[in-house]
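Okay, so here's just one chain, in structure tokens, the form predicted on its own.
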Amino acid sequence: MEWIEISLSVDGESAEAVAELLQRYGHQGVVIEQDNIEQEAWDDGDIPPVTTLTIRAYIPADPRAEEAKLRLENALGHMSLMYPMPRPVYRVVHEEDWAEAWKAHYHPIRIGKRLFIRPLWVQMETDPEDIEIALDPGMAFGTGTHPTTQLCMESLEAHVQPGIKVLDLGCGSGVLGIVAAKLGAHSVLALDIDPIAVRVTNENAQQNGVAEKITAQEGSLESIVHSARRFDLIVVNIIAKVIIAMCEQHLGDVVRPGGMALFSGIIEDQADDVEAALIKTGLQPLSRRKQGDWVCIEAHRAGQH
């Protein structure tokens, strides 16, 4: 069997929307790859800021492929009315090369001061103080290559304290929960409405030796609010409009008094609206981390533990 690789090179601002679109067509998710980085940069840990990302998806090369390509190009045409979009590039990949094609676009990456993210099949020498996370690339936003994920990791490194309880709301591949666990969190509840994300989170937690700390479940904010469970730190890496909607569903109530809340998936011009919603739900924005056009908002809930 043959596959058709679809690829688009975009900037950070449009990457999330393009990845979401390709997710509808791609088999087993999408690949997000940071462009224009020489291997020497990975080896030295001197990774430049994200400027361009390539989004890749694979579809079966069967009679339905032309229809899928037409629908995709029509959708990109509509998106171009709001933001310039490149034309997709198509390439045929043979069955025996397909798995290797996925692996070819993943590289180790250093984030923050101590975090080292690598694909499972890549072995590299690390520094003694490194916190290493090894991941399978089956999910779209769980590899550490997207700016929103990187910003969350940097915030987690700054705010996770030993023994705290963490909620990862919309866990995807589980990478953020795994980072929190390896930074010393006592426990992590990883929630996602997608059962595949729950399965992948459990697999990655097992692979990284933190399965005893992480509980991955299907669920949403509503289930947590109704349970009256509270957390020392929550991390939400979704998109701005979903975060704002969550604020209307008492998002602030799941954070303990004195606790922290980290929010990413936010474009800079959306940050003010998100912060206004956070204030209404009882959270006080403290600071912003930025990478390109992306923002991670760090907030806290007033009071004492």
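Residues carry their position along the shown sequence, with the first being 1. Only the largest set of C-alpha atoms that superpose within 1.5 Å between the two forms is called the rigid core. Here the structure is a predicted model, which means the values were calculated and not measured.
FYI, the form predicted together with a small molecule isn't displayed, but the following is about it.
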In the model of the complex, the one of I238, I244, I59, I279 near the small molecule [non-hydrogen atom within 4.5 angstroms]: I238
Contact assignment for the small molecule in the model of the complex, among E73, E129, D194, E212, heavy atom within 4.5 Å: D194
Only one of 112 to 120, 226 to 234, 168 to 176, 81 to 89 sits within 4.5 Å of the small molecule in the model of the complex by heavy atom distance, namely 168 to 176
When the contact criterion is heavy atoms within 4.5 Å, does S220 count as touching the small molecule in the model of the complex? yes
Give a yes/no on whether N204 approaches the small molecule to within 4.5 Å in the model of the complex, heavy atoms considered. no
Look at A19 and decide if its Cα position differs by 2 Å or more between this form and the one not shown after superposing on the rigid core. yes
